[in-house]
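Heads up, the chain below is alone and in the form predicted alone; it's given as structure tokens.
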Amino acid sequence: MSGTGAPAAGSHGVNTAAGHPPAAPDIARSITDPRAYAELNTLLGNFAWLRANDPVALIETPTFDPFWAVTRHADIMQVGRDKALFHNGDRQTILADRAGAARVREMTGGTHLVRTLVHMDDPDHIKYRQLTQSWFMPGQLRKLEPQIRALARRTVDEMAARGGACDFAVDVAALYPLRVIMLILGLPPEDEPRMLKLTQELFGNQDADLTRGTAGLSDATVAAEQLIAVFMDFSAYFGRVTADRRARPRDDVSTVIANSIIDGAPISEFEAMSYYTIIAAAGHDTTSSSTAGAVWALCDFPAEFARVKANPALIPGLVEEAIRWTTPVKHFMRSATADTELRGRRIAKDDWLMLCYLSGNRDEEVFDDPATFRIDRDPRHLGFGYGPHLCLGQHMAKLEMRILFEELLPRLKSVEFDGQPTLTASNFVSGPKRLPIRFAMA
């Protein structure tokens, strides 16, 4: 195998028997470097080049096991739908460098820090998904709509009280989805600051502004150490929630998880804690990013702001386009269970593949003028993934965003940037980190 760094003992290579050359080093660095996702222009240019010239690209770097970057919308869908050929849980589900993966193995004795739905394959995946699935379907969510709308109104009132200027990412978008997920989990409002801190540390652990400090470690292991500490804090918190819900069941998702039965036995503590964590964190941070991304785009494309202001029926389209535009979940990894081919590339059993959702959501074969924010698009984006692992909370995310903008836009007379917005540095989950705006309310 060509490349600069030989895989560590026990790591996996990529089949290069067909002689396919690796992508250029600058492109490989761009795809793997969290900082590239905070700057975007170069990264999006590299993705566009790959889509046109090398849509299933071999990525080799000194610090990561080799993998295939899948950048076309159709190919991402093909991998996503084939749950038998492409597994989630056999290798790391999120891109991890060799040193970080080794640290996880050392600490846990396994491949994953947690075992959530995104780490599972069938038969476990469908069993665990069905535990809470009904809570996130449109029928159940309609019952919660009055409470969610009350939270949206409270959030808009708080924004209005800021006197015409705020950091929308911090002051609005970070708080509202958190309040919704706390409602669904049945957690007390006074715990919001703690939950916000934990979710930001979980998904922002590659960003120096969001991570918790860890001294005396090499850069390669810092992320793993910090994630372990965050998961321990999540486990301590939700351990108390589990004990309470088993003693005093309520009508909330925490009660469902605490009292779940899998194959005739109570859910394990490890998997219960993993379940709580993914709902609390993913149910908050990704929606926060898309919500802030919508306002960022409306500042960048004032004609779209005028359109949706004039026609509230376009709000669902605003929501869908904001999810495409922001693509909070930038990637997931899959591994091949057998030799196969993808767009002419020879993929070997155990090869690692990166589903580049950010690239798929800019695919020119699917989206006309993909660099333009347009609220009347056909919503064929990959913002929630695709196939059996389609995001469990997709209906909830779209509902809460729709309700917020139904409450905000009639009152929002104008909005514009009031400083330089910035993005979180993360190659996994990222979105607006700072979004200073100036606005006028009716």
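Quick note: we count residues from 1 along the sequence shown, nothing fancier. Quantities reported herein were computed from a predicted structural model and do not represent experimental measurements.
FYI, the form predicted together with a small molecule isn't displayed, but the following is about it.
(Q) So if I measure heavy atom distances to the small molecule in the predicted bound form, which of the stretches 128 to 136, 335 to 343, 365 to 373, 165 to 173 falls within 4.5 Å? (A) Looking at the other structure, the answer is 128 to 136.
(Q) Please tell me whether any heavy atom belonging to residue 296 falls inside 4.5 Å of a heavy atom of the small molecule, as the geometry stands in the predicted bound form. (A) Answer no; every heavy atom of residue 296 is more than 4.5 Å from the small molecule in the predicted bound form.
Q. Using 4.5 Å between non-hydrogen atoms, is residue 238 touching the small molecule in the predicted bound form?
A. Looking in the predicted bound form, residue contacts with the small molecule do not include residue 238, since no heavy atom lies within 4.5 Å.
Q. According to a 4.5 angstroms non-hydrogen atom cut-off, is residue 40 in contact with the small molecule in the predicted bound form?
A. Output for residue 40 is no: heavy atoms all beyond 4.5 Å of the small molecule.
Q: Please check if residue 181 has a heavy atom lying within 4.5 Å of any heavy atom of the small molecule in the predicted bound form.
A: Result yes; residue 181 sits at the interface with the small molecule in the predicted bound form.
**Q.** Candidate spot 71, 359 and 432, all three touching the small molecule in the predicted bound form (heavy atom, 4.5 Å)
**A.** Judged in the predicted bound form, none of 71, 359 and 432 sits within 4.5 Å of the small molecule.
Q) Quick one: of 353, 329, 347, 318, which gets a non-hydrogen atom within 4.5 angstroms of the small molecule in the predicted bound form? A) Checked against the cut-off, the match is 329.
**Q.** Contact residue in the predicted bound form, from 273, 323, 292, 96 (heavy atom within 4.5 Å of the small molecule)
**A.** Filtering the options by heavy-atom distance leaves 323.
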